[in-house]
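We begin with a single chain expressed as structure tokens, specifically the form predicted on its own.
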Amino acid sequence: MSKEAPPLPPMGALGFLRFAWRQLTSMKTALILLFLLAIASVPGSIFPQRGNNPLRVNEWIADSPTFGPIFDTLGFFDVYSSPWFAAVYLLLFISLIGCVLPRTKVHWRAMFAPPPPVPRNLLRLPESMSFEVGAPAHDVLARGQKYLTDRRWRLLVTENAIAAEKGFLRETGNLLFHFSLILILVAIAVGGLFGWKGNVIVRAGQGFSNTLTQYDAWGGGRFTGAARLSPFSFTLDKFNVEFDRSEAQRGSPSLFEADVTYRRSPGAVAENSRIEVNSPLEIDGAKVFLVGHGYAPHFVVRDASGAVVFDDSVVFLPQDGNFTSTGVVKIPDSEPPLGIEGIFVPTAASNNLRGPISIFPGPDDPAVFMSAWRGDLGLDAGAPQSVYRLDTKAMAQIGLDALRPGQTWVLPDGSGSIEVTGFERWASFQIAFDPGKEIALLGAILALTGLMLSLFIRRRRVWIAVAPSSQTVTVVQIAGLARIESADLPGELQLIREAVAGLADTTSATPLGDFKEQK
């Protein structure tokens, strides 16, 4: 009758903590956390983020009253600042450190330790051979030692055997790759805490100062604020853009650049620069990228008495590759207040389904198609509004019309008139400061280096044992082990066999008949 196994002692608090730490620092857990971090980043690319575009977030929640508040509570609009994202991020960071550091310690010791001694029975290994060589035992070992030393094997030489090992850089590359992941996580943390990024649209002839109020959208880390922004400024002197008119590339930009005058601080000497798509302007660690462009039609609006109540260019946002652009004009100073929804087309055409469209991005035949509204613009409510959207809930439409530059539309019911005098160019810039980009670059280089070492370095061990059969004949046993199947160990052992037999050196080669493999 079999006895039952005695019950295991309780784990205890210390044992549980030790078990939890081992599970957290295992490679399996690190891979799971890396996968979870990738999944957790998905909402940040789907939903607008409050740090970059708070107005868009408010519009999204207002348009979706059911799911908007739920997603807001879950942190989908502040993904990278949410507690659950930070928890996954920190757990992955700790898991990688706890996984890499102990392995690095073990690997460091193994690199300076001698190769393992010769096993008692080499012929039991899968890759092994035994043969006789017509030479004394010490000559056979000397040949094997010279062959392995010339090829940078680590050796352990005894009286009648040689143990050799090679390919330690494979494990070094593996550790280097995992260490690079830690560096990349550090770079993301540094960039997220101390970096910032903003977008701004600047019309030709207008300027920009690096202050929070000047940005159309801005997002910064927890340790970044207005006091940490560099006090530079720039003016968009001229925006140059040309479009290809050939049939194959029609409409694609052949020239896309901005000429700016910038100052590193108020009162500093003005400097000139040209910003292109892949050539940003760098000032005090911040980079100014040219990311887009468009048109800003100029409107002159008069009230019923003929007084000018609005005289400015308004940025219209492109909606397609031919720069069919939409925008709104808000005139709260008129009586009653007016609002205009407009479509600007640089090369006008008409489509039965889509209405007015542009058929070429260049200003060959510009026109503005407008819808005029009268009533309460909602500006007195105190809630922020988008400058590209008109709230028409408390307004009444008073007419539709299309104007080309130089034409005037007299509004019905004595509401005044609207004149389109022309248009200006605008360029959009993304200004970013990322203190972690150098660390991320180093991590990427180390990751590629470690990956190549892991893929192309072969880790293997070989042993050579000799036993004199007579004064002129020696029995040789050779065996090897490889960590990967692609190490070509049989071919390596064959080369060692030829070397110890003297066949690898043609100047002192032993005839092939002087050794024979034992069955």
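Basically, rigid core = biggest C-alpha set you can superpose within 1.5 Å across the two forms. Note that residue numbering follows the sequence shown and begins at 1. The model shown is predicted, which means the values in this text are computed figures rather than measured ones.
In what follows, reference is made to the form predicted together with a small molecule, a form of this protein that is not presented.
> Though only this chain appears here, would I184 touch the small molecule in the predicted bound form if you measure heavy atom gaps against 4.5 Å?
It does not: once the small molecule is placed as it appears in the predicted bound form, I184 has no heavy atom within 4.5 Å of it.
> Looking at the partner-bound form in the predicted bound form, is L455 within 4.5 Å of the small molecule by any heavy atom?
Answer yes; at least one heavy atom of L455 falls within 4.5 Å of the small molecule in the predicted bound form.
> Heavy atom to heavy atom, is L141 within 4.5 Å of the small molecule in the predicted bound form?
It does not: once the small molecule is placed as it appears in the predicted bound form, L141 has no heavy atom within 4.5 Å of it.
> Using heavy atoms and a 4.5 Å limit, would one call R103 a contact residue for the small molecule in the predicted bound form?
Contact check for R103: yes, within 4.5 Å of the small molecule in the predicted bound form.
> Can you pick the one in F232, W196, W409, F93 that has a heavy atom within 4.5 Å of the small molecule in the predicted bound form?
Of the listed residues, the single hit is F93.
> Check each of N174, T224, Q145, S325 and return the one that places a heavy atom within 4.5 angstroms of the small molecule in the predicted bound form.
That would be N174.
> Determine which one of 125-133, 311-319, 174-182, 270-278 lies within 4.5 Å of the small molecule in the predicted bound form, judging by heavy atom distances; exactly one does.
It is the stretch 174-182.
> Taking the rigid core as the frame, does A432 move its C-alpha by 2 Å or more between this form and the one not shown?
A432 C-alpha, core-superposed: shift of less than 2 Å.
> Hey, does W409 budge by 2 Å or more at the Cα between this form and the one not shown once the core is superposed?
Comparing forms between this form and the one not shown, the W409 CA shifts below 2 Å.
> Superposing on the rigid core, is the Cα displacement of T449 between this form and the one not shown 2 Å or more?
It does, since the T449 C-alpha is displaced 2 Å or more between this form and the one not shown after the core fit.
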